Ligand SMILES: NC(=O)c1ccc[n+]([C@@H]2O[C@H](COP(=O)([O-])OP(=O)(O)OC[C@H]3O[C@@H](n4cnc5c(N)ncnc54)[C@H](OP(=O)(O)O)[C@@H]3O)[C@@H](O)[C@H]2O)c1
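First, one chain by itself: the form predicted alone, in structure tokens.
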Amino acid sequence: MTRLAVVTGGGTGIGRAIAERMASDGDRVVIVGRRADVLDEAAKEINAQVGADRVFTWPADVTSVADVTALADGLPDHVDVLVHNAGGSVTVDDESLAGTARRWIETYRLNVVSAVLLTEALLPRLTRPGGRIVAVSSVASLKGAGSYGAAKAAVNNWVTDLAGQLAPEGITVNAVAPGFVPETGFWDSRRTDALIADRVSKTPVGRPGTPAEIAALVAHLASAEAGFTTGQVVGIHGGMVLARL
């Protein structure tokens, strides 16, 4: 039976790679994001690659209650996989206390509230047993990185708590924690040769990661074979954090 997956932030970078991998595996995928033109282009290209109309789009801001409600109401009655990839860091050009508050609050809203809202909206529709929730966290959540690292650490804690709640219903909840993956929108305005060299020098395997590698791990955690894995934050960062259980 063909599964239905919902992938937020699915128009570019890691989210697009996840959508492509899942569509290649035969799933139907709804990609969600704020830019309709980006989503449409991604869906067109992925569908051409897989030779079938398996990727569909839904423009939405997943930090908006109204947008999330409309998305949930517009989806089929059953959702099998939910991937929370929307997120990122927030820059505020204001050194005041008010600017600091905006940066921290908006970063938390973008990374944590977005995942919580969509999960709560779709929870009644998730397949039982067999539903899968995967959140894209970050190695920053394990090493510390200001407001962004703190927000991703909150995602990890939320995943752990939700996994315990949903395990008796046969739904798994996990997170992946990528390291340096330069071919993403997160690095678009900062991706210089010097930055890449610096980041790679701090990665034990000596190279950056790729969106396809992150997508492969997400695909496994979303698969039937991963039914005994839940409540985990799985690092995929080239050894930047070692021996963490």
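Just so you know, these numbers come straight off a predicted model, no measurement behind them. All residue numbers are counted from 1 along the displayed sequence.
What comes next is about the form predicted in complex with the ligand, which is not displayed.
*Asks:* Could you spot which one of G88, G146, G164, G170 gets a heavy atom to within 4.5 Å of the ligand in the predicted bound form?
*Replies:* Of G88, G146, G164, G170, the residue with a heavy atom within 4.5 Å of the ligand in the predicted bound form is G88.
*Asks:* Give me the residue from V181, A43, A215, V29 that has a heavy atom within 4.5 Å of the ligand in the predicted bound form.
*Replies:* Result of the distance check: V181.
*Asks:* Please determine whether M22 contacts the ligand in the predicted bound form, using a 4.5 Å cut-off between heavy atoms.
*Replies:* Looking in the predicted bound form, residue contacts with the ligand do not include M22, since no heavy atom lies within 4.5 Å.
*Asks:* Could you confirm whether G231 comes within 4.5 Å of the ligand in the predicted bound form, counting heavy atoms only?
*Replies:* G231 lies outside the contact set for the ligand.
*Asks:* So in the predicted bound form, is the ligand close enough to H220 to count as touching (4.5 Å, heavy atoms)?
*Replies:* Looking in the predicted bound form, residue contacts with the ligand do not include H220, since no heavy atom lies within 4.5 Å.
*Asks:* Against the ligand in the predicted bound form, would A60 count as a contact residue? Criterion: heavy atoms within 4.5 Å.
*Replies:* Output for A60 is yes: heavy atoms within 4.5 Å of the ligand.
*Asks:* If contact means a heavy atom within 4.5 Å, which one of 93 to 101, 71 to 79, 116 to 124, 132 to 140 is the stretch that engages the ligand in the predicted bound form?
*Replies:* Checking each option against the 4.5 Å cut-off leaves 132 to 140.
*Asks:* If you look in the predicted bound form, which residues in 1 to 31 sit within 4.5 Å of the ligand (heavy atoms)?
*Replies:* The stretch 1 to 31, when checked against the ligand in the predicted bound form, contributes G9, G11, T12, G13, I14, G15 at the 4.5 Å heavy-atom cut-off.
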